[in-house]
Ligand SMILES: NC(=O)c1ccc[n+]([C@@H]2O[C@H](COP(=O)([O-])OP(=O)(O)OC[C@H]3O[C@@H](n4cnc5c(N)ncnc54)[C@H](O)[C@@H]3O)[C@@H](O)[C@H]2O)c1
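Heads up, the chain below is alone and in the form predicted alone; it's given as structure tokens.
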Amino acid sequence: MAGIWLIGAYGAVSTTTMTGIAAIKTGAAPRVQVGMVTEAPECDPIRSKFPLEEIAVGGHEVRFLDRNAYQASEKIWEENVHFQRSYLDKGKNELSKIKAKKGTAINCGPGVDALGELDTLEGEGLTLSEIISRIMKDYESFKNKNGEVCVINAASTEPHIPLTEAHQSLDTFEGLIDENQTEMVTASMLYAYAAFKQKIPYGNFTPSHGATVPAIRELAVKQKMPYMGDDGKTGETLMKTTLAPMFKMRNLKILGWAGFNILGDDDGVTLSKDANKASKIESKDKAISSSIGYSPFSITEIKYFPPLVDHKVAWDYISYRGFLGTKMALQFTWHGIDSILAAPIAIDIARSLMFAKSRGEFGAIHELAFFFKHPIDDIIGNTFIQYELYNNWINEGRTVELKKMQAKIVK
């Protein structure tokens, strides 16, 4: 048995993940060539060790806590109709048994506040230590029931808060917790900290702080736990890190890259707030420079467009220079359904991190960079190189020295 614990359990990505796993278990939904990398033959060591049929799901949420996972999934489906209704119906029995636990939304910013009434642990008047204790108990119960588990943060994007000296070591960070300095932490930090305390791997599907804080990374190494992030690479950025290397290989100079994104649903509401949007834009922008080794002029815009609901549309314009200095351009339009693209990758990350733990690996698993817009420690963004690194890691246990994987960017 194994399990995936989802932060933001009743959001579009998480409910689609839960519905997908439940429907695949019944045989109702396809599992081959549907965007789940760990179901490919090349990933047999992972899929055979952590088969989908043996994966349970649970999670934390700060809204709609009176609902079970089937009711939450049905609400998202009615808004989006993003897969066949029969998959939800076939998974009803399993989904109805899943009920999210109350979580935290500390310093998640105006974007999360705009989602509506929140029901949080801090709303009960709990201190940071008490919040962490509750989260750890939820993790422990899930782990005791399901064996090897992984936490995946699929919650809405948080704003970044300034990191201070107190965030640089585990001792000083735990001092912040003991002193209940709520202004110095975010929800994702607490979820990651609690996961490592319980010896559970952690995947950061968002650009939120999570496990990137030095103090929390120190805890992961101390507990010998694997982790990776940041920000799942599912749509426009996947195109960026796939197309950008083409220009480099053909020795064509990218002069500028403009990307305009519109989206709806809760993600759109959250990213309509500047504080929440800033970390997402930073994550998207770095994908190009880490793929080609320099930073062309860049525009990245994200706008909320309610009619799209869970759909995302991106229009990109790439200005480049060719022979005799002649300027040319490439344009493309990307249209995808966010949760359909993200859900299988969330499963991939969880399975891969559990696989890493089973092999005794810990710390940042840089070979998982393939799945992220802005891989921790500035790993090269080139999709092709990332995929080769990932496959070699799975099948040959081959790891690469960090400095050889890091992007070298000429200023």
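This one's a predicted model, so the numbers in the text were calculated from it and none came from an experiment. Counting begins at 1, following the sequence as shown.
Absent from the display: the form predicted together with this ligand. The rest refers to it.
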Would you check, heavy atoms only and a 4.5 Å threshold, whether residue 290 touches this ligand in the predicted complex?
-> no
Partner proximity in the predicted complex: residue 357 to this ligand, non-hydrogen atom cutoff 4.5 Å | no
Contact of residue 61 with this ligand in the predicted complex (heavy atom, 4.5 Å) | yes
Should residue 189 be counted as a contact of this ligand in the predicted complex, where contact means heavy atoms within 4.5 Å?
-> no
Where, among 167-175, 334-342, 219-227, 142-150, do residues come within 4.5 Å of this ligand in the predicted complex by heavy atom distance?
-> 334-342
Quick one: from 126, 161, 328, 115, grab the residue that has a heavy atom within 4.5 Å of this ligand in the predicted complex.
-> 115
Considering this ligand in the predicted complex, which of 232, 91, 201, 259 comes within 4.5 Å of it through any heavy atom?
-> 232
Residues in 86-110 with any heavy atom within 4.5 Å of this ligand in the predicted complex | 104, 105, 108
